[in-house]
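Given as C-alpha cells, the chain that follows is alone and in the form predicted alone.
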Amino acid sequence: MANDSKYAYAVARVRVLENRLLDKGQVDRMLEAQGAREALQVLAETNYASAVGELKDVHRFEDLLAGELERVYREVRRFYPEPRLLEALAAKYDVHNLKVLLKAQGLGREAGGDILYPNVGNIPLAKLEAMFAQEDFRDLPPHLRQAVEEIGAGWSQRPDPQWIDIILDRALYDHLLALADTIPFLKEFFTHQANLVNIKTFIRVKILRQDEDFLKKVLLRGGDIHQSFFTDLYHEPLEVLCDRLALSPYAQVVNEGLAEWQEKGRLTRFEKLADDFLLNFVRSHRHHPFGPQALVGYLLAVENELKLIRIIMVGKLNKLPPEEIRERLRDVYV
C-alpha cells in the first residue's frame, strides 16, 4: 500500500493545501498582538478570513476552530483514495463526542456547553444523539458499542466521568492499532502516540499517588513499551524513569518534562514536547510521493495549527504576557 501510485493525485492535492497553513511569522504576529481581537485580525489575513468575518464574539473562537476542522476533513474526504486511513484518523472525534454525550447523560446535564464535532468523525453527531435519545446503541461499531455497554453496566457502581475516558481511550487505541496493522507508517505513528500517552499517564499516577491497580487499568495497550515496564517502576522515584528511557526516542520529552514539573509543578513542557515529537515524526516522512504519509502529516499539522490558535487566544483573553504563552506553543509544520 505504501508505494501505491493511487496516492499520487491525493499527495499533489495535499501539497497545495499545505501552502495554506500558517507559518512561523504569522503565529509570531498573533503572539505579539495587543489582545484577542488583534490576534484574530492576523488570522483574517490568512485562509481563515471568511471564518473570522463570520465570528460575532471573540470569546466564541472555538466555533471558528471546530468549523475549520470540519471543513478540512470534508475537503480531504472528497479526494483521498483510502477510506480506511481516514477512518483511523477521524476515529478520535467519534470517541470525543461519545465522551461528552456519556458524561452529560451520566451527570444529568446538557452537553451544549461542551465542544462537539458534528461532521468530523466517522459517525455524524446527529446519529449519535439519536442513539442516546432512543437508548439504542446497536448501530455503533463493535468496539465502541462494547465500550458504551461496559460504561453503562458499571456506572451505578462507579459514577466517575474519568472511567468514561479510560474505557473509551482503551477501545480507541485497540481499534486504531488494528486498523493500521497493514499500514506500517500509521502503525508506527499510533505506537509512538500510545507510548507518550502511557508515559504521561505513569507520571500523573505517580504525582497523584494513585495505586498500582489504577495504573494497570489506565495504561493503553497500543504502545510497544510493555505495561510491566511501568509497573516495575511504580515504587521507584520518578527520576528512575529518565534513566530507563535515556536511550529511547522519548528521552528529551521525559527529561525536560519532568524537570519542569520539579521546578514549576506542571507538565506543560512534557505536553508540548510530546506533540512536537509526533509532528516531527510525520514531518520527516512527508515527502513520500506514493503513500499515506503526506495526508497524515497534513491533518496532524491542521490539528496542531488549531491548537496553536487556541493557546494564543486563551492566553490573550486571560491577558497573559507573550513570553508565557510562547512557552506553551508547539512547532509549526511548515
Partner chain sequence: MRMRVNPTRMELNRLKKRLNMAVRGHRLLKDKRDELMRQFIDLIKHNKELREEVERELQPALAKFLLARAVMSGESMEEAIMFPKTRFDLAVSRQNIMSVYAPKFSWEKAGGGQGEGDIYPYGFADTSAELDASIATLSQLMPKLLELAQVEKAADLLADEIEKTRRRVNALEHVLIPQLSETVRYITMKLEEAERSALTRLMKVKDIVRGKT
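Note that the structure is a prediction, hence the values are computed from the model and not measured. Basically, rigid core = biggest C-alpha set you can superpose within 1.5 Å across the two forms. Positions refer to the first chain, counted from 1.
Beyond what is shown, the protein has a form predicted in complex with the partner chain; the following relates to that form.
- Highlighted residues Arg77, Phe190 and Ser284: none comes within 4.5 Å of the partner chain in the model of the complex, counting any heavy atom.
- Figure note: of the listed segments 29-37, 263-271, 48-56, 276-284, the one touching the partner chain in the model of the complex, with heavy atoms no more than 4.5 Å away, is 263-271.
- When the partner chain is considered in the model of the complex, only one residue from Ile183, Val72, Leu177, Val205 comes within 4.5 Å through any heavy atom, namely Val205.
- Contact with the partner chain in the model of the complex, judged by any heavy atom within 4.5 Å, is made by just one of Asp139, Glu87, Asp160, Glu236: Asp160.
- Among residues of the shown chain, Thr201 is one whose heavy atoms approach the partner chain to within 4.5 Å in the model of the complex.
- Using a 4.5 angstroms limit between non-hydrogen atoms, Glu212 is distant from the partner chain in the model of the complex.
- None of the heavy atoms of Glu82 is located within 4.5 Å of the partner chain in the model of the complex.
- By the criterion of a heavy atom within 4.5 Å, Asp114 is counted among the residues contacting the partner chain in the model of the complex.
- In sequence order, His96, Lys99, Val100, Lys103, Ala104, Gly106, Leu107, Arg109 are the residues of 80-109 having a heavy atom within 4.5 Å of the partner chain in the model of the complex; the partner itself is omitted from this view.
- Once the rigid core is used as the reference frame, the Cα position of Arg158 differs between this form and the one not shown by 2 Å or more.
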